[in-house]
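A single chain comes next, written as structure tokens; it is the form predicted alone.
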Amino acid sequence: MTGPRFTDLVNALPATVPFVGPETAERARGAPFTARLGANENGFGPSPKAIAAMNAANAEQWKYGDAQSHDLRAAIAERLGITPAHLVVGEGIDGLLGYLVRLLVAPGDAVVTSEGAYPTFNYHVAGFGGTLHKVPYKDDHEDPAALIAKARESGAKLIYLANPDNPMGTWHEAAVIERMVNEVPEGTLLILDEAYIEFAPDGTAPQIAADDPRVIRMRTFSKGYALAGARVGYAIGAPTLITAFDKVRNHFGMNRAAQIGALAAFNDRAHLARIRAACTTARARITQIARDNGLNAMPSATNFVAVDCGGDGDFARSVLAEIIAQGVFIRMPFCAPQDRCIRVSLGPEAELDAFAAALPRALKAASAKI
């Protein structure tokens, strides 16, 4: 009796999980966290109107969700001044990245990203047999010029860039991204991940025609709209590319209540403004906590702050472990030299109080191990 016959590609892949979730960490430590500040979630919560809309929709969860996400796409298109044909809705940016890689990457195809950038994208590329070519960050920012040069050198089908960036929270102004788009090599597609665009300063979002075949922009309801668990994201691109998603996407992958909740959240612009204000306050608080402990916080255009621990990656990992041991869930960048930092999500005051209490103890314990 034999088991399933996996493909050669699957047999060659490690069993990899890009992120270990807080629930997994809680089970491993045998206790819940007192502060959940590690997953770039929006701890200030979604619009009450979105919660009410999802609660009302639950009675009809016997229905499949609208396979076209018509109402949500129509609302987004109207706000952005484009047509629904320029939009595809999917299971968060993660799901859309998987579909896009499946559309464009065959075994051996070159793909360009930054060393230490969003690992889920790399996970999808590996899953379809693509070859990753990486460039280093420059001054804690992704490096558009280096990404373009590597794409030209490798003949890449895809370039991945997040603006604002995860895991560092840094960002480029719109003009930098617009210049990058104009330098994309023929036959290459730029993926512009704008998951954190709702938190970014004015002048961050570039002016790019939705019909431009050189770029696809990805946005989400997980961050600014605080609906990470609902798994709703969307991509903006030329209609020919958007239509191609219908060849591979899970047409009933979108939860019906999530679609309805996302629409209500999108229409509640006052709540988004309150979230932005709360995040500004929390960002300043984390910066002050870092300063109080002799550390530097990175300027951030996201819903998290990277804090430089003042040593190397091993020291930061020790600080991280000590903070987690105190019941505060945070994360850190994976690759040097960015791994000298820990990364703290913005959150309510009580959770930041827990981080403020844990950090000095963690620094003391980590320093004692040196």
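When you see a residue number, it is the position in the sequence shown, counting from 1. These figures come from a predicted structure and were not determined experimentally.
Another form, the form predicted in complex with another copy of the chain, is not on view; read the next lines as being about it.
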Just to be sure I understand the contacts: of P201, P299, P136, G229, which is the one whose heavy atoms reach within 4.5 angstroms of another copy of the chain in the predicted complex?
G229
None of G81, G294, G187, G108 but one has a heavy atom within 4.5 Å of another copy of the chain in the predicted complex; the exception is G187
Given a 4.5 Å cut-off on heavy atoms, tell me which of 171-179, 284-292, 252-260, 139-147 is the interface stretch with another copy of the chain in the predicted complex.
252-260
Is it the case that K247, even though its partner is missing from this view, gets within 4.5 Å of another copy of the chain in the predicted complex, heavy atoms only?
yes
Does at least one non-hydrogen atom of D66 fall within 4.5 angstroms of another copy of the chain in the predicted complex?
yes
I'd like to know if S222 sits close to another copy of the chain in the predicted complex, meaning any non-hydrogen atom pair within 4.5 angstroms.
yes
Contact of P360 with another copy of the chain in the predicted complex (heavy atom, 4.5 Å)
no
In sequence order, the residues of 37-66 that place a heavy atom within 4.5 Å of another copy of the chain in the predicted complex are A39, E41, N42, G43, G45, P46, I51, M54, N55, N58, A59, Q61, W62, K63, Y64, G65, D66
